[in-house]
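There is one chain below, alone, in structure tokens, taken in the form predicted on its own.
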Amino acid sequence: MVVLKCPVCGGDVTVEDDALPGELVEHECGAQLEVVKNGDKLSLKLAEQVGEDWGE
């Protein structure tokens, strides 16, 4: 397990050692986070929300 920091609240987030970039993690603060790989290190960023495109 790897302990990373939530970019929203700064709390600890535990992620599996074999987590892949793009994997989504939900933190207890309610944030949906995306695993990002920076070189050899894993980090977290706020996951993008995909809205519906009504073609307007």
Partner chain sequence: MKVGIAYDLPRWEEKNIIQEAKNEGHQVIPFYSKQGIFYSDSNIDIEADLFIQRNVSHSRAVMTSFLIESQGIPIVNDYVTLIKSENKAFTTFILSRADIKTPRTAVSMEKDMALSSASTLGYPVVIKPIEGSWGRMIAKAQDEDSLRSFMEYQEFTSMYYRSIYYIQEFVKKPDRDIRIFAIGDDAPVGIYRVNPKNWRTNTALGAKAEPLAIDAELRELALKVKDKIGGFFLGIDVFEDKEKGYVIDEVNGVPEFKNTVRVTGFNVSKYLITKLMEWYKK
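It should be emphasised that the depicted structure is a prediction, and the values quoted were computed from it without experimental measurement. Positions refer to the first chain, counted from 1.
Separately, the form predicted together with the partner chain exists; it is not shown, and the next lines address it.
Engineer: May I ask you to state whether D17 is within 4.5 Å of the partner chain in the predicted complex, using heavy atom distances?
Structural biologist: D17: no, not in contact with the partner chain in the predicted complex.
Engineer: Does G22 reach the partner chain in the predicted complex if we count a contact as any heavy atom within 4.5 Å?
Structural biologist: So G22 counts as contacting the partner chain.
Engineer: Residue-level question: is C9 within 4.5 Å of the partner chain in the predicted complex, judged on heavy atoms?
Structural biologist: No, C9 is distant from the partner.
Engineer: Classify L42 as contacting or not contacting the partner chain in the predicted complex by the rule of any non-hydrogen atom within 4.5 angstroms, answering yes or no.
Structural biologist: No, no contact at 4.5 Å.
Engineer: Do any residues of 31-54 have a non-hydrogen atom within 4.5 angstroms of the partner chain in the predicted complex? If so, which ones, in sequence order?
Structural biologist: If the 4.5 Å heavy-atom criterion is applied to the partner chain in the predicted complex, 31-54 yields E34, V36, K37, N38, E48, V50, G51, E52, D53, W54.
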